[in-house]
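Heads up, the chain below is alone and in the form predicted alone; it's given as structure tokens.
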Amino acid sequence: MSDAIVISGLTKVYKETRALDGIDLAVPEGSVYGFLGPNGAGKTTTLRILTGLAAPTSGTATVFGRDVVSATNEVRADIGFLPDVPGFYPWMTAEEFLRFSGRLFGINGGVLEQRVAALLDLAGLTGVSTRIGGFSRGMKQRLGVAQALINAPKLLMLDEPTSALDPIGRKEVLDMIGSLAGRTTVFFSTHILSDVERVCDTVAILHKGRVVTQAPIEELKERYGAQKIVLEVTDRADEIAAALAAAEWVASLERTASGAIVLTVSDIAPARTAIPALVVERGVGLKRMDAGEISLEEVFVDLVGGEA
């Protein structure tokens, strides 16, 4: 599989502020790629450079093999972009706005009408005659994604598309993004961990202008923590927890309000045999022992210290 985006040693300096500090990135073609980081990490700066709206201080960035600085118009022809605060003409309907956007790309006739109809359906706006000024925030974001797709781009870039939405609006936009998997490459910038975990297959974590890690989400979970184990015993839970905390394969241990012991383990194999043996040795009953994956949120906290 080839890469839709390749970034090498990219830096951006504003006066004395180093917004990007030599980032390297490769976005596989066809992926839904989560570009994750706290506010101020450099996500929007990266998107602005990739779309030709800003020039890098140093380093290179290519989109489908074309340099974003020297081949700006050729690059833009392959890109659909939704900024963090999109603008609309409030007196237009969604259909009128999409038709207008298509004509800006030189699309006309039957091709434009087919595209407008398909995108209205994708955005759940077919038959909506309300003018955009009367739309909810979620409806506007779905329309914004549709508008970014009007030129049938090979790459769709989204800058914080769900950050100001209520839960229903977020679900609607995420469902729309998820439906694009395998149809176009999606580069999805956000600071909301659950959104990335829900729709993305690959993620890069940006922190203070640097990429601290990038990998498929499942590989990332395995790399930074094999599994979690939830343990409940009949009594002497404090004693069991203290004994487990000393094991070298225990990365962290927490207690829940109900008294359960939650372990993050670096090696699942010894944990499976040692925990039941310890419970038997201490003469207590085992009520529950469940294993589950570490979450992306836990990986994120481990890498950037929990900043959001």
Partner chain sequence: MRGFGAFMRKEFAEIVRTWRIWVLPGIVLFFAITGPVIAEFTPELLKSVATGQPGVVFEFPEPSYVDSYLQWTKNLAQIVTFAVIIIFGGIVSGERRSGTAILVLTKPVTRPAFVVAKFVSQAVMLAVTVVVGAVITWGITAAIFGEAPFAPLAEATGAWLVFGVMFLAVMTLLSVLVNSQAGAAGTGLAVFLVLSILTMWGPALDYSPAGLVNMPTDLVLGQAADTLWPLVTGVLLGAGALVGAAFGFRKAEL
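Positions refer to the first chain, counted from 1. This one's a predicted model, so the numbers in the text were calculated from it and none came from an experiment.
What follows is about the form predicted together with its partner chain, which we do not show.
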Its partner chain contact at Pro86 in the predicted complex, heavy atom, 4.5 Å: yes
At the 4.5 Å heavy atom threshold, is Ala246 in contact with its partner chain in the predicted complex? no
Decide whether Arg48 counts as a contact residue for its partner chain in the predicted complex under a heavy atom distance cut-off of 4.5 Å. yes
Would you check, heavy atoms only and a 4.5 Å threshold, whether Arg76 touches its partner chain in the predicted complex? yes
Looking at its partner chain in the predicted complex, do all three of Lys12, Ala55 and Arg103 come within 4.5 Å of it through at least one heavy atom? yes
Heavy atom within 4.5 Å of its partner chain in the predicted complex: which of Gln147, Gln214, Thr184, Thr190 fits that? Just give me the one. Gln147
Check each of Asp201, Glu96, Asp235, Asp166 and return the one that places a heavy atom within 4.5 angstroms of its partner chain in the predicted complex. Glu96
Specify the contacting stretch among 176-184, 118-126, 206-214, 103-111, defined as having any heavy atom within 4.5 Å of its partner chain in the predicted complex. 103-111
